[in-house]
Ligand code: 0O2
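This document starts with one chain, in the form predicted on its own, laid out as structure tokens.
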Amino acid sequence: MGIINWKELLYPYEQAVEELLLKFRSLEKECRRLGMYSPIDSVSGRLKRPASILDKAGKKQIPPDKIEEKIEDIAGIRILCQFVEDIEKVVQIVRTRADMRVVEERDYITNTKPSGYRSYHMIIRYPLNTALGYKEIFAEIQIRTNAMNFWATAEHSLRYKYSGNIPQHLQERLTNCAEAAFRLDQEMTTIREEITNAQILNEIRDNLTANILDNIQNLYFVAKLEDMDEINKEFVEVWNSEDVDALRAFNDKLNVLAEMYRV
């Protein structure tokens, strides 16, 4: 293979990973701040290493000048979901975004691999404005549940250890584990409503608490000391009651008080 300037080749992909992480993490954060359920539980990213790129290029007989054109997963992000149904919601989000273009989809959930691997892969063309000008690159988005990811991470480690040739007895156990992980996903779906309601309630409680603590901190500078003692006592009582409605009423009271002092 010819000499490759890896720094120049990989920098746009590194930039793409950073931008994609920011965009999808911002989407997840926006849902939570608005009190909405987010189908995105977490997002991570990775850049393929030169050794892995060369290995893949060698196996597929891809010449150096065709690496960017033929290898689609140099840049990649992984979106984890709590429930199987969330995967389709994330897929729809990706499909409808104007800042990326889907060029291929691979459904390894409906069409599970013989090993037991389950995940939904999307290959996108992602536009970049770099120091060297405008550029479009390939990137891969993997979407799977936390249970699927736990299995896939373990399987990947074993595949690396055994250089891709996992012993048959171990492969059979891995396949059984994959089925168990999928049954767990299905079982979690049956109690989805309870789980999501509890999570939204916790998010509301955390947001109310943060606002209350901000108000209390600001009121210390303007309110009387004895008033602040009463406010702190009331806050402890409301907090310990674990009553969200009482916490909301206390927050409204502090908002009015803060407005009176023009905090």
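Just so it is clear, the structure is predicted and the values come from calculations on it, not from any experiment. Throughout, we count residues from 1 along the sequence that is shown.
One more form of this protein, predicted in complex with the ligand, exists but is not displayed; see below.
Novice: Assess the spot marked by Y108, H121 and A152: is the ligand within 4.5 Å of a heavy atom from every one of these residues in the predicted complex?
Specialist: All three within 4.5 Å in the predicted complex.
Novice: Using a 4.5 Å cut on heavy atoms, which of K113, K161, H169, R101 is close to the ligand in the predicted complex?
Specialist: Contact with the ligand in the predicted complex is made by K113 alone.
Novice: Look up in the predicted complex whether R125 has a non-hydrogen atom within 4.5 angstroms of the ligand, and give yes or no.
Specialist: R125 lies outside the contact set for the ligand.
Novice: Should R46 be counted as a contact of the ligand in the predicted complex, where contact means heavy atoms within 4.5 Å?
Specialist: Yes - in the predicted complex, heavy atoms of R46 and the ligand come within 4.5 Å of each other.
Novice: Check E140 for me: does it contact the ligand in the predicted complex (non-hydrogen atoms, 4.5 angstroms)?
Specialist: Answer yes; at least one heavy atom of E140 falls within 4.5 Å of the ligand in the predicted complex.
Novice: Applying a 4.5 Å heavy atom distance criterion, does Y117 contact the ligand in the predicted complex?
Specialist: Yes, Y117 lies within 4.5 Å of the ligand in the predicted complex.
Novice: Can you check 25-33, 199-207, 229-237, 48-56 and let me know which stretch has heavy atoms within 4.5 Å of the ligand in the predicted complex?
Specialist: Within 4.5 Å of the partner lies stretch 48-56.
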